[in-house]
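Same chain, two versions here, written out as structure tokens and called structure 1 and structure 2.
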Structure 1
Amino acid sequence: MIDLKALAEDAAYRAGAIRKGFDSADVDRLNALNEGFKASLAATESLRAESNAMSKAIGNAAPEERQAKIAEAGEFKTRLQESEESLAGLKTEMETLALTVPNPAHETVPDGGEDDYRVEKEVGEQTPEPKFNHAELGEHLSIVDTKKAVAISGSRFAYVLGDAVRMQFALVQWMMDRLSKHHFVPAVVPVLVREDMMVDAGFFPGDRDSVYELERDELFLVGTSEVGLAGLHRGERLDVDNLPLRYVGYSSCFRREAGTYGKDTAGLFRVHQFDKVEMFVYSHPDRSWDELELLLQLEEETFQQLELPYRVITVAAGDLGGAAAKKYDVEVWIPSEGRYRELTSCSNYTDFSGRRMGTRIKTDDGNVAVHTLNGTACAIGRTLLAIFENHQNADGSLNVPKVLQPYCGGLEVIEPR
């Protein structure tokens, strides 16, 4: 839940929500609903106290007065019931609207939409266009087969085969080894979750169209292990001395890719089923921005060690998801397209999902929500295709990045079969 007090009293907080596209009129409506709810709550509690006093008075009344007091209490009970119903209605309306308010954008985030990002840095030399694009190379080396996957599952599915599978699990093990040195605890998480967990993690109601639903079972397939990791300490009060708590999750992920008809239909870039290694952090509010920079550093090191040219951008306010106060995208150069494409991102959700999940810490100011952060350690399919394009030889063979070779049994080059 958004911080309603800050939304009403902090001009910068309010402006941050509006910069993400939330209507200022709805901010005013929500503030009015909150004030009405608080007034109705006070009035209802006063009526409850008065009703309790009347009930006690009946027990203490003389026999000749009791019947009149019972009648009076009955009429009063009707007033109380009406007040309680009004309070419940106001609460539902307020909470429904509050769930649509995005986490306000941080002041360092640029204004604008998808094309208004700020480039922070570019690293590495842009690789020239290869003989094969990533989709063609997968077929040429017999390590990706989309045609057979389409035949059994429809568009945006793929078989990953042979040495590409060895590279996939090499990426996973390499990431786990690296992140363990930074005290990330490995986790394999549930990929089917209930609706309330999708709400608490900050994905519903905003991203509902992109999520697969198993209506019969009232479960949803996750698009990231972030959801399961967010639920790991749901409803708990964490020990401040144990923060930050860092986790690295591995899971298969699923996305409907709603609204992307005709985009990236070949290869592994935009598929319905994919695997990811995801970082997730529970942080003290005073240190969450330092944790965000650590996540970015770890993501950059991944591409540096894989020898992939990349750039870092700060996403503009209007292009941020509902939960993120600030997000960095790390985009890798795709030479066949002549442009950078997003492979990983990292975000600070501040207290947005911590509030929804009821995950808190005790401070001198009382119980406060923890800050949560997430970052893609490795989007496996997209990383494979970036390797296909940037490590391809002139004859169409593929060099295995040096850091992955020990995890691939010493494999150095993938040749056509």
Structure 2
Amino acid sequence: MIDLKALAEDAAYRAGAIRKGFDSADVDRLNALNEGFKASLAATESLRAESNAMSKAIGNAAPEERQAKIAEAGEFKTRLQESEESLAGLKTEMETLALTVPNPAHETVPDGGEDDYRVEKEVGEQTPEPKFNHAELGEHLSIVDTKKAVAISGSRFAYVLGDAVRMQFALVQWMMDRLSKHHFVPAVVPVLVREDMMVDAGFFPGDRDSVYELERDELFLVGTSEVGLAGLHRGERLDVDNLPLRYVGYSSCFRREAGTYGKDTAGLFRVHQFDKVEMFVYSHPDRSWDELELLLQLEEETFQQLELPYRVITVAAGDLGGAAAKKYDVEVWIPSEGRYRELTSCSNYTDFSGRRMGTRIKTDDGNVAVHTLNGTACAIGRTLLAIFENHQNADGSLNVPKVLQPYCGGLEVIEPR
């Protein structure tokens, strides 16, 4: 949820929403609705005050006066009801529209759409094209099987097998160890959540099509553990002294990938179900931009230590999604494709989700919505795939990255079985 007051009064805030593609006519319409709502609220409340006073008077009235007063109050009530109905109508209209307004882009975010990102840095030397692409290598080493998965679940599912599974849990354990040094509290979160949780976390109504719905139980399968982590302090007031609160979630993630037919059909890159380690931070508003830089730094270190060449981009305003005010993508070099592909990202949602969740902090200026941030610690499927491509030997065997070897029982090389 955006800050309606800021949208009306703060030109920069308004401009940030419009840069994300929101119609400026709708901003005007929303502001007008808000004004109308406030006027109607004041009118309704003063009628209500009158009505309350009348009721109170009945309680205190002498018995012989009661009937007359009750009749009078009954007549007055219809006026109040009319006013209440029109107020409710305005409120619904305003809230429905307000929910569609995106969190304004930060001033450091470039204009434009998907292709208008800004490259911040490139690190590492691009690996030459390997013998096998990631999908081929997975089959070659019998550590990924998509054909069998298709038979039981349809396209975009995969089995991860054998030493790849050892690497998967090595990645998880390694991340947990590293993040615990930065006081991230580990969390395994619910992957089935209610609709209002999807709204409050900032995903609905915008991303509804990309989420699996279990209609019979009125539950939704989350696309990221971020949903569960964002809901952890719903309705709470957090103590300033405990901030920042950092969590690291682990869960399976489910995505419908609607509208991506024909894209990335091979291997693990784009599947309906994958496991992910996710960072999530509750921050004081004054500190959230520093926290974003920390998340980025942690993500970069991951690829430095895994010895994967990468670059960092700042995503352009039009490609940010509803909730993020700013987002970095960290893209790893995929030599078989000759391009960088997104492996992790981190975003500052500022107060967008905190306001919906009712997660607030007590400050000298009263209670304010907490800022929330999230960042991918490790999207496991894509990380495995990047390792397949970048650590492949000429003979088609695969080197286990050095930092993961201790977590894989000393395993150094994966050979065909």
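Here the structure is a predicted model, which is why all the values come from computation and not from measurement. Numbers given to residues start at 1 and step along the sequence of structure 1. Between two forms, the rigid core is defined as the largest C-alpha subset superposing within 1.5 Å.
Shown as structure 1 is the form predicted alone, with the alternative form given as structure 2.
Annotation for Ala53: C-alpha shift of 2 angstroms or more between structures 1 and 2, rigid core superposed.
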